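Just the one chain here, laid out as structure tokens, in the form predicted alone.
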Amino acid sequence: MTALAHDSTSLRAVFAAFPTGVTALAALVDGKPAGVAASSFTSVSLTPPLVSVCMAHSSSTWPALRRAERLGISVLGTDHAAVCRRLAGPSGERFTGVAWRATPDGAVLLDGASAWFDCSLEQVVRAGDHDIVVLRVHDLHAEPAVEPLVFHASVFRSLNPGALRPIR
């Protein structure tokens, strides 16, 4: 097998062919909500209960979140497309107009999520230009009636077969 060289633009375009759910990773930092959108969320282990996300080394928010006692992961619903775009914007405006709650330990969970996890940092593995962040799940909840937001071909989409158009 021959190794192929690809530029980051081509690699990103091919990665976009794989549909993913979208999550918000958030916590109280200095008494205020801080968070980022992450489409790299995945389950890791049932025993112990572990999940993971990948955080870019270039993130200015991840170093602050890393210090939090607890981190919330909210699986975003189709109504969260604008929230997801806000979470990718300037850090001071990410939670403006967003309904959320904090757990007693400081995990921030978004209202209207299709699922949420209350987690603590278990392990960080450096991998290329990202950290693979492994989180231990302490509490969780699912709302099966809330349709998840899907990111595919660089646009937000719905799982609803009648809604094949991108979500704005």
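Values in this document were obtained by computation on a predicted structure and should not be read as measured data. All residue numbers refer to positions in the sequence shown, first residue = 1.
Another form, the form predicted together with a small molecule, is not on view; read the next lines as being about it.
Student: Which one of these stretches, 51 to 59, 133 to 141, 119 to 127, 100 to 108, sits within 4.5 Å of the small molecule in the predicted complex when only heavy atoms are counted?
Tutor: Only one stretch passes the 4.5 Å heavy-atom test: 51 to 59.
Student: Though only this chain appears here, would V36 touch the small molecule in the predicted complex if you measure heavy atom gaps against 4.5 Å?
Tutor: V36 belongs to the contact set for the small molecule.
Student: Is there a heavy atom of S114 lying 4.5 Å or less from a heavy atom of the small molecule in the predicted complex?
Tutor: It does not: once the small molecule is placed as it appears in the predicted complex, S114 has no heavy atom within 4.5 Å of it.
Student: So in the predicted complex, does any heavy atom of I73 sit within 4.5 Å of the small molecule?
Tutor: Flag for I73 set to no.
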